[in-house]
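In structure tokens, one chain follows: the form predicted on its own.
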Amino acid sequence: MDFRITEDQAALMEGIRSFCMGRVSIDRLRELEGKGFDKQLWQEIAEMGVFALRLPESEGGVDLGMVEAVLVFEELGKAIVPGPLVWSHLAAGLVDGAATGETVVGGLDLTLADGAPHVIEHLEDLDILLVLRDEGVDKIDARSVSGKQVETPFDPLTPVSEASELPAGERIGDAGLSARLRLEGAAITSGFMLGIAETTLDLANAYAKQREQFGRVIGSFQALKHILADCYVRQEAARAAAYAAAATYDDPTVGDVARAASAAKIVAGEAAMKNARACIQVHGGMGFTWEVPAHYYWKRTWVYETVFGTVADHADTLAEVTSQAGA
């Protein structure tokens, strides 16, 4: 298996990176606080092919694989682009208009917990809500869901609503589709969290090189070097795990897809969480202020840690797969 990025893949990443730099700056994110969604930005993301990336050309897609999807979401993660990106990407080909951005699709994974209240992200901006259950996938008109928006969400760019019950929806897939979407969601989310791990290291490193104490830049202090070195190790471990999950998905003959996806979700999640915390720590007291953007990354990591299986859920999956392999 060759993990080296091809010229075409590098060009794809550069295109998404340039788009994010021009359209999703930190100042723009501050403008989106409390909303977390911009219809015009959403349409532009769709025009970049993010949602139709893995659809066949015959269906209007780009006809690429999971590897390219993870690379694209890595770039989106670096800019912590808000919105139900993963769900709308997964919905392409299942929900009309999802691939083109005309239909905004969110989701709810009830395969592990089916108790109310249901916490739904971006409910006010959704057209369709996909619900993953053990027995299948339901499509619900989001406007029929009665939810109360949380006044102060943990992530200011991810508004959430609580719904005590869900209306009946249309069954669009069986248990196999539900399991596949959950696995794909975990792999793609690992790419997003890899991007968070990378940017928080970059922010911490840049600050350590310019902030001075006692007549020296703080990056020259041994304690700071250790923190940044640990961040780099976690980043590269996350990269290896996320890329391996994507490559295994595209070619299942090289390994166990579920095992690779669970490993990626765990390793990338840990890298994003610990690197974001380290970024705040390196910034010192001002790192805890709202003005320093480090908190955006830390809070988004908490959001992504809860979707498509938590660390504990995927640890159970790894334990099960490993025990079966050793039996």
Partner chain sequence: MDLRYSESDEKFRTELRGWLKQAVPAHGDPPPTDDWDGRLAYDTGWQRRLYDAGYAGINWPKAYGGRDATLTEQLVYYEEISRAKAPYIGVNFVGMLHGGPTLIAEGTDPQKAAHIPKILKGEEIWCQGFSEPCAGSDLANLQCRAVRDGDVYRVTGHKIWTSFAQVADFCELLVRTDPDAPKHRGISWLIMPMDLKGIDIRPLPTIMGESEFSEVFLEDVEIPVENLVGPENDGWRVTNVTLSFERGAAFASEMFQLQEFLAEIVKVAKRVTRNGAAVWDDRGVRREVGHLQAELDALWAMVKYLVSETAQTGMPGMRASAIKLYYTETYQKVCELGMRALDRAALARDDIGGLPNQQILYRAMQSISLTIAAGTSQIQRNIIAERILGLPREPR
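Positions refer to the first chain, counted from 1. Predicted model only: the values in this text are computed from it and were never measured.
Unshown form predicted in complex with its partner chain; subsequent notes refer to it.
Between the options G185, G147, G219, G83, the residue in contact with its partner chain in the predicted complex by a heavy atom within 4.5 angstroms is G219. The partner is absent here; in the predicted complex, the one residue of V267, A294, I45, A52 having a heavy atom within 4.5 Å of its partner chain is V267. Three-residue candidate spot A229, A247 and T253; every residue lies within 4.5 angstroms of its partner chain in the predicted complex by at least one non-hydrogen atom.
Contact between N205 and its partner chain in the predicted complex is found at the 4.5 Å heavy atom cutoff.
Put simply, L318 is close to its partner chain in the predicted complex: some heavy atom of it is within 4.5 Å. Taking the partner from elsewhere, A237 is found to have a heavy atom lying within 4.5 Å of its partner chain in the predicted complex. Looking at A69, you'd find every heavy atom of it more than 4.5 angstroms from its partner chain in the predicted complex. Stretch-level contact analysis of 84 to 92, 152 to 160, 117 to 125, 239 to 247 against its partner chain in the predicted complex, using heavy atoms and a 4.5 Å limit, identifies 239 to 247.
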